[in-house]
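Next up: a single chain in structure tokens, the form predicted on its own.
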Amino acid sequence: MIGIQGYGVYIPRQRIKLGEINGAWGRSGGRGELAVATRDEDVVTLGLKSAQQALAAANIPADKLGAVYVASVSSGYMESTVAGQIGYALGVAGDVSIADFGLSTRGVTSALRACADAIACGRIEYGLVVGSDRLIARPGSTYELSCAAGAAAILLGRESTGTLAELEESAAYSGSCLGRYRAEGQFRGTTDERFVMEHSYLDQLAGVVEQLSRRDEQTSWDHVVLHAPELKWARRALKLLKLKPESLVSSLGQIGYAGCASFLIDLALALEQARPDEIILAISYGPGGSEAFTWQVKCAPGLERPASAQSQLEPGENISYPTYLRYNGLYAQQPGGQT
């Protein structure tokens, strides 16, 4: 059986409070904060740190990797490979599958399925899947209150004494409503958000759960990860799918939405919260559809469960709005203090 052998999470320590953003635009209110990457952090450096943690947690050397897959919707490259850069930094070489998955946040689970398939057919022994994003929104827009940065990595392999969770079932559902979009060189654009939630997000999550139920008689899950750009979307999905509200595992309220990374961050959090034999349902979402996985948490004798994900959510260094703009390249400081 295929299972999760290790994982790593990296969330920048810099945080900006939503009240700080709203205050800069003369708005009141705003609870929570966002994780903000510094100017020398990008999807490569974020993803590399999470990948290194995943390998260290599983005690697997990089030369045993048969695949390095990276999912990102904010790499900024028109022609380059984030997976190649991360793989090179890790020290992988030779007969290794290197691939980037982009253009949709659903790409993170497409990468997971591709990795699991490669292991299942015996082509590789271990594969690393990384989700890394640094989302930047137009200043003053509603997206500015959710876009964040972060990365997470999952190491997959065949079942062993160190397996954290075993893959039970997976399913996919492709929808006709594409939802959010962003053109090259532009800030995030979209159709009406309520329309996207009702006719893209909720429809596609319902569709993939129906597909999953045809393969698995399981009708209730102990922990649920719902890939969502906003917490209210996930809560609506819980109600629609008749899932227990307390089963939701989400980092949105603590660090914001980090695109492809958010799915793997929340999956890592679910692994840390779950007990042996409990089942985790994890559903991704992005333009084009949804994919779902069920994982059974394993009981491995002598296994020291890492707590890297939860510790990364701890409050970090609060920064001001002008600093936030500079870190994101939206506010350039000129010589002599002119801007």
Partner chain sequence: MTPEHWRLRRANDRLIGFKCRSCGWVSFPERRKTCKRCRAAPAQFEEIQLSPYGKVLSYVIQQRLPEEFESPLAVAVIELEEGARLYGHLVETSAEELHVGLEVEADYRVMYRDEGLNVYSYKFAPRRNVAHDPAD
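Numbering follows the first chain given and starts at 1. Small disclaimer: the values here were computed from a predicted structure and weren't measured.
Although it is not shown, the form predicted in complex with its partner chain is what the next lines describe.
Asker: By the heavy atom within 4.5 Å rule, which residue out of A67, V44, A58, L271 makes contact with its partner chain in the predicted bound form?
Answerer: Exactly one residue meets the criterion: V44.
Asker: Considering non-hydrogen atoms and a 4.5 Å limit, which listed residue (A89, A114, L243, L103) is close to its partner chain in the predicted bound form?
Answerer: Among A89, A114, L243, L103, a heavy atom within 4.5 Å of its partner chain in the predicted bound form occurs only for A89.
Asker: Which of 288 to 296, 271 to 279, 48 to 56, 24 to 32 has heavy atoms within 4.5 Å of its partner chain in the predicted bound form?
Answerer: Careful reading of the contacts points to 48 to 56.
Asker: Test of understanding: in the predicted bound form, would E314 fall inside 4.5 Å of its partner chain by heavy atoms?
Answerer: So E314 does not count as contacting its partner chain.
Asker: Report yes if any heavy atom of Y77 sits within 4.5 Å of a heavy atom of its partner chain in the predicted bound form; otherwise report no.
Answerer: Y77 belongs to the contact set for its partner chain.
Asker: Test of understanding: in the predicted bound form, would G84 fall inside 4.5 Å of its partner chain by heavy atoms?
Answerer: It does: once its partner chain is placed as it appears in the predicted bound form, G84 has a heavy atom within 4.5 Å of it.
Asker: Please run the contact check for Q310 against its partner chain in the predicted bound form: heavy atoms, 4.5 angstroms, yes or no?
Answerer: Q310 lies outside the contact set for its partner chain.
Asker: If you apply a 4.5 angstroms heavy atom cut-off, which residues in 1 to 37 are near its partner chain in the predicted bound form?
Answerer: Read in sequence order, the residues that approach its partner chain (within 4.5 Å, in the predicted bound form) are Y10, R13, Q14.
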